[in-house]
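Okay, here we've got a single chain as structure tokens, the form predicted on its own, with questions on binding and movement later.
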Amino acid sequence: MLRSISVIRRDPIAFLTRVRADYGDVAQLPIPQPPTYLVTDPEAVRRVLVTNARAYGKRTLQYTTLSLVTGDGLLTADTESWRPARRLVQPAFHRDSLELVSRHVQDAVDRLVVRWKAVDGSVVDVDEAMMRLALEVVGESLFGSDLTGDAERLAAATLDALEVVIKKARMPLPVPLSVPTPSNVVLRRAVRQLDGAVDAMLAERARRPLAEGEPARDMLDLLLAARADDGSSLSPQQVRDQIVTFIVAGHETVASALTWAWDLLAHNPSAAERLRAEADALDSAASYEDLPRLPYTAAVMDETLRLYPPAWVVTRRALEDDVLAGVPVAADSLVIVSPWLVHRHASVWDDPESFRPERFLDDAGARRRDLATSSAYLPFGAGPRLCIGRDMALLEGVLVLAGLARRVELEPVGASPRPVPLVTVRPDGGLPMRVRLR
């Protein structure tokens, strides 16, 4: 481990890839405390996340550092506080809500095309554009808030905060947030900006509260109306933590997937042409009702998430003794699961490094549900802690790809950027592409 420190800091994915190649699908890393295992066997991963999920918790360094930004929101909450919160926000992701999301996606795509029309033929940063678009969608869809004017600032604050989270997760000795180090100053400033967005949402909602008997309009209404078992309402901090969690996790992950999808399509012209033809066959802008007519576009999204899962690594702490693929794992051990490696497992995936969207289609051209729900495919996690926003993210991704493909062409201006594994997998230096309106 000491000899590998520079590699771990520079390219942790390469380090984990080498560990699996040298030591197999369940490998104990030479870390004294806690005992730490890299688990990439698909069935062992399923045991950790699904069949024996109750024996594994989220109280790990990864989620503890992330909670410096999100607080005790759904993403970082351990089991005790997670279950009631999950039940609370689940209605915001029902089908009726997803139909509304499609309209917000159309509006965000329209705004982006207007901005790109002004720079037609120029090089743009597609990564920045997808971050802004996804933030606008999550603001309107979940909180009924227009974040258009604040999108760039909030996107930058999110990235700044997550960069510090990564630095803190890699430090051998934690530095309290109260100490004014450069990283802590950046983190506090970013959190203040996110908190300011929350305050603005709450102030705006106070000006137009729900009428007596009126159903909840979005997640924000659900949070403000929620009651605990004892009849008490959520504290301002609890409301804040859930909102910031979805601002951060609800847009950065989708934006990452869309960025890599455009890069993959740019370097696979036949796939791009097939997606464009599918989108052109629609009668109008892509909507929720059009999803059955966009199987190839959905397959592109599925394959992108296989090759570039936004959450490239997840961690769990064993709450009791267990056995994973024949290897004893003691209670209080740290288990590292890397979707990046599981998605490239040769026992499951044919030609795993290649971009082949058709692998997610059956012979009739319909989407293969068996692969999209298999133990070896977990871009949104699996089991009881499956990402609550999965369906919204997939819907948004498909509609953005189809909506933009009908109206613009994005051309590569160089090689694919190097993937940088931070909280999500980001393109090193963004994704410059030439935009041309069709």
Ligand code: HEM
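For every residue, the number given is its place in the sequence shown, counted from 1. Just so we're clear, the structure is a prediction, and the values are computed from it rather than from any experiment.
Same protein, other form: the form predicted in complex with protoporphyrin IX containing FE (HEM), not shown, and the subject of what follows.
- At a distance of at most 4.5 angstroms from protoporphyrin IX containing FE (HEM) in the predicted bound form, all three residues Ala257, Phe380 and Leu386 contribute at least one non-hydrogen atom.
- For Met392, a non-hydrogen atom is located within 4.5 Å of protoporphyrin IX containing FE (HEM) in the predicted bound form, even though that partner is not displayed.
- Protoporphyrin IX containing FE (HEM) is not drawn, but in the predicted bound form it has no heavy atom within 4.5 Å of Phe355.
- Within 4.5 Å of any heavy atom of protoporphyrin IX containing FE (HEM) in the predicted bound form lies no heavy atom of Tyr288.
- Not displayed here, protoporphyrin IX containing FE (HEM) is approached by Thr245 to within 4.5 Å at the level of heavy atoms in the predicted bound form.
- A single residue from the set Ala108, Leu75, Met130, Ala155 has any heavy atom within 4.5 angstroms of protoporphyrin IX containing FE (HEM) in the predicted bound form; that residue is Leu75.
- The listed set Val342, Ala249, Leu275, Ala190 contains one residue whose heavy atoms approach protoporphyrin IX containing FE (HEM) in the predicted bound form to within 4.5 Å, identified as Ala249.
- The partner is not drawn, yet in the predicted bound form one stretch among 265 to 273, 191 to 199, 311 to 319, 291 to 299 has residues with heavy atoms inside 4.5 Å of protoporphyrin IX containing FE (HEM): 311 to 319.
- Residues Lys58, Tyr63 are the members of 30 to 67 with a non-hydrogen atom no more than 4.5 angstroms from protoporphyrin IX containing FE (HEM) in the predicted bound form.
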